[in-house]
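What follows is one chain in structure tokens, specifically the form predicted on its own.
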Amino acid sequence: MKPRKPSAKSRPTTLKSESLEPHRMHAEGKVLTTDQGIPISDTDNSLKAGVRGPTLLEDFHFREKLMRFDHERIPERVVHARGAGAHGYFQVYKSLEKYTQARFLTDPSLRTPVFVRFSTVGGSRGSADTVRDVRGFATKFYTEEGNFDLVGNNIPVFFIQDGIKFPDFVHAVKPEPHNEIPQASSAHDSLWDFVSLVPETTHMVMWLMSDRAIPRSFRMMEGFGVHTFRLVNAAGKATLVKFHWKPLLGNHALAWDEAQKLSGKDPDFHRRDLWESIEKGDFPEYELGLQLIPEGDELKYGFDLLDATKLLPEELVPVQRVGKLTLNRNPDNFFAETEQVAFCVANVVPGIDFTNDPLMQARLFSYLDTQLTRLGGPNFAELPINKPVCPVTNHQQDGFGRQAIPTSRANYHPNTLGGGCPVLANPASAFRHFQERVEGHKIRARSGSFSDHFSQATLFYRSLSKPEQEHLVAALEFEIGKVERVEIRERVVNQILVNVDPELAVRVARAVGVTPPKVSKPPKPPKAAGKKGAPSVEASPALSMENSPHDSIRTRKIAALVSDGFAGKELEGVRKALQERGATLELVGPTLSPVTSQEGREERPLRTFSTASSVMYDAVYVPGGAKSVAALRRVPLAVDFVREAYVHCKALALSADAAGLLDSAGVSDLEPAPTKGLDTTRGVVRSAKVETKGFGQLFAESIAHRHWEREAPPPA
């Protein structure tokens, strides 16, 4: 028996949820008041001297209402401005006390409250969800020992090695300063000018041009801590660690044309998907994975683990899945929670520590500093969404927006007036920095172990499946093709891409109108300061999304296109086959008025052809029924529904006469529909007649992955 899904109204209780309750403003059954609690009986008319006279300055309600409205906006984040958040919990599978003393990682009985914020990086708060961009994946753990913020992305590497370059990179990728164009796009001169001059960006650029940058859903993308951290156990022994989030629904992407169309048809696609999934009880789940490396092995693998432009292939150090993150509650208020949450890389708990990664070191400062402007002062940690669930006692004082009310006469340490309180913590339970030996001259220079900028970019490209490689090439042709200055296009091709893969460089060169480089063996990358005979891999299957699990259609949305006269009994069979696998079937019709099946039963469409599109669904089904199909063939938007689903390589189910919609859609590269039985060529399930046995099951089995074999081959 399937477990009952909890109602959207039954809110899971956690320590963090309880701590937020005193701050929730419940309006049900209450009287409207001013901020001072004064009851108000009229909020539609300002106070005037006569009904046609001037407004009076003494109208305190009018002045307060307008003043509050005038100051509603706070500065948006410089990066990661557009986001969506959710509450949930994390639970470790078994104790990791061998590696860390962090209690939330050593006690399997604990359910640690979390708040997760997903985001795009480059665009403003008003940009679209499905742009080509890195996605932020930031998790705030409200542990019993304080807040731990794992502030990562859906890509395991970054553009730069040293944080001093961060302003340069962000300035380059943001809209250009002379005209504030383009919004939420890297397809412009300044970004590619920067890339062509800063080769350390190459590896990350390859990820940005891949399908990883256009995820199907926040629920279907990986997360990474990016940096190498340290875990420290109770005995003070350290282990280097890379953090991963592995989605239980697998790793899935949009098609590029689909992503662009979604930006117009539903710019909130990812935010809506996350919200609706949680409301329905389809809680997003991710497993926490760790790559554990002995302290001292940071140079073992032929590159430097302190270099944030490098990843550690899972084939060399497997990811151990140690716990699960479940997101089970939407925010009560977007601004108070998702917008005001403040993540900081420096927020760690005993048992987790930093390394000397120069990008991480910059983030330790920058993430703290940015909140001072964005949230109006140093007391942002006292906002309800940021406040730890454990006690907070210290001598911090005053500042804008202070929430806490200190009662002690002593606001300094040491003191006797306050009885010496708060007292210093026991060193055994307090945070202790790992005692790493550090020595060296003051110098502005980059380590030689950071000098290889191309070999991992090549590894990534050659680890992708053929369809993924074609998508990456098309993305490069699109992006670089938008660059106006030919000299920038030439540098990208002849100084960057040629060092990744010469044939890739030749293809892109031809597409963007620059002289192709001569194909020869790529130059050998500079030797990294790794150990002699360092282990390496020629390809890493874990880097390909095609090797992610594709055996589930749980939470997928399928559109059924219907008009009067559809085969109702067949539709019920298909609906049942999908529901048994956790998918949802939504009816799309000419209007929102009921349609009648050929058996005389009414069904009410959830959407119409003008309010929905195939890009909003994972697959499309057209039931049989000659009258219904004939009506659909006369509706251009219905025909477009089928055509787009085919072009975007989604599963299609066309029963009996419905197969003729492919002809109407101009799809001519399939054999004629079967005269008996079923055909599943290229992920298009077609039946010779209505209610063919096994039709629904075969369709359900075809939805879990895209059918990239439909894509046209690249030009010779």
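Numbering starts at 1 and follows the sequence shown. Predicted model only: the values in this text are computed from it and were never measured.
Below, we refer to the form predicted together with a small molecule, which is not included among the displayed structures.
Proximity to the small molecule in the predicted complex, taken as a non-hydrogen atom within 4.5 angstroms, holds for one residue of Q371, S613, S217, S277, which is Q371. Between the options R556, K174, R363, K242, the residue in contact with the small molecule in the predicted complex by a heavy atom within 4.5 angstroms is R363.
When the small molecule is considered in the predicted complex, F158 lines it closely, a heavy atom lying within 4.5 Å. Among heavy atoms of F137, some come within 4.5 Å of the small molecule in the predicted complex.
Remark: T228 does not count among the residues lining the small molecule in the predicted complex, judged by a heavy atom distance of 4.5 Å or less. The closest non-hydrogen atom of H80 lies within 4.5 Å of the small molecule in the predicted complex. Here the chain stands alone, but in the predicted complex its contact with the small molecule, taken as any heavy atom within 4.5 Å, falls in 161-169 among 90-98, 246-254, 589-597, 161-169.
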